[in-house]
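Taking the form predicted alone, here's one chain by itself in structure tokens.
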Amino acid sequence: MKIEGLVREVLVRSLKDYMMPFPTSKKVCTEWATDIPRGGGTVIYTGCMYQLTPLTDLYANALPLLSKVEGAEKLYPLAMAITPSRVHRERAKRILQNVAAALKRSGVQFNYLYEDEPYSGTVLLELGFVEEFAEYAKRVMQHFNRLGVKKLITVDPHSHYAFSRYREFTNFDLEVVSYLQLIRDLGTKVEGEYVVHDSCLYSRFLGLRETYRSLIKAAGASLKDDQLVTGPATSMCCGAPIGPLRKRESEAIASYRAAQLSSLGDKLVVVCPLCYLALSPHFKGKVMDLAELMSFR
């Protein structure tokens, strides 16, 4: 089976069975949340993105090999036993707990769906499996309706963008807002000069570029920019979204992008778990998520 076909089959089957892009222990997705009320209404939505993104490379490396094995798609339930490393799981917990604390400090009340939280389907959209995305979006909307969800507070750009496209395919009437639009500040003083790698989706499609940049500057940090490297019209993608189908090209883009950013400074801030995954092996310095700069707890 060609890799495109295998990726499509694995994704569709896992979303059908688990509402996750691959078989996953829900404990990995929910272990960060310990004191958030369960329920619908206004909910913080993680999509399990920060929690599962560390596994993206594993699947991107394994799928080309499995595509050469007859009947490989039958092995997919075994993926349930695969989890990110303890280091990655602890990092995801810190980030999501910081986001939740920032929201509470800003006076935002919200619930969490825990194991009932579905994946957004963003990978289907980004890999061009639009018909499958449309069908999955309808199912997610029905799921949210059953749970009484009215408003989603997203924590990553890919889920947010996916929900912004739902109305093209289903009767989606939920309010969707990023946590970046709700928090007042980072809750701490940040010193020094930072380079920001802008999320393509936040910057070019969702209009949130200045929202997170303003938060960093308001905390006291300065930003090192070069209009040819970090300009709104010129900044590059990190390469991560094509990784499941084009691992070699994804790595080449990430390496080139990291070299560009390294030329500006040695402290890089990202606002997306996929950008962190792609750039951190190549950037010459420290890479951190915006939510790792925050100190609300």
Partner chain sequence: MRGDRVTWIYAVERAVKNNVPKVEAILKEHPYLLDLAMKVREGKTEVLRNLDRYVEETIKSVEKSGGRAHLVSNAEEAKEIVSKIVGTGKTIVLGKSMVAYEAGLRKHLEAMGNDVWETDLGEFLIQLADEPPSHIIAPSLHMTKERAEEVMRKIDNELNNSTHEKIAMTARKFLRDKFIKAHVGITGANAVAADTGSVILVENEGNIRMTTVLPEVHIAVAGLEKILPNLQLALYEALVQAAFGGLYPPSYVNVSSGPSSTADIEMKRVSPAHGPREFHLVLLDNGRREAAKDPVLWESLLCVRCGRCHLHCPVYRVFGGKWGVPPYSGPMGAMWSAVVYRDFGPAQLCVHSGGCREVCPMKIDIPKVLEELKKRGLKQ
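Since the model is a prediction, treat every value here as computed from it, not as a measurement. Positions refer to the first chain, counted from 1.
One more form of this protein exists, namely the form predicted together with the partner chain; it is left out here, but the text below deals with it.
Q: Identify which of A33, V28, C237, I44 has a heavy atom within 4.5 Å of the partner chain in the predicted complex; exactly one of them does.
A: Contact with the partner chain in the predicted complex is made by C237 alone.
Q: From the list R204, K93, R184, K151, which entry has a heavy atom within 4.5 Å of the partner chain in the predicted complex?
A: Going through each option in turn, the one that passes is R204.
Q: On the criterion of a non-hydrogen atom at 4.5 angstroms or closer, are F129, Y161 and E168 all touching the partner chain in the predicted complex?
A: Yes, the whole candidate spot contacts the partner chain.
Q: Heavy atom to heavy atom, is I253 within 4.5 Å of the partner chain in the predicted complex?
A: It does: once the partner chain is placed as it appears in the predicted complex, I253 has a heavy atom within 4.5 Å of it.
Q: Would R246 count as a contact of the partner chain in the predicted complex, using a 4.5 angstroms cut-off between non-hydrogen atoms?
A: Yes.
Q: Is L125 close enough to the partner chain in the predicted complex to count, meaning some heavy atom within 4.5 Å?
A: Although the partner chain is absent here, L125 would touch it in the predicted complex, with heavy atoms inside 4.5 Å.
Q: Check whether E292 has any heavy atom within 4.5 Å of a heavy atom of the partner chain in the predicted complex, and answer yes or no.
A: No, no contact at 4.5 Å.
Q: I need the one stretch from 171-179, 135-143, 104-112, 195-203 whose residues put non-hydrogen atoms within 4.5 angstroms of the partner chain in the predicted complex.
A: The contacting stretch here is 195-203.
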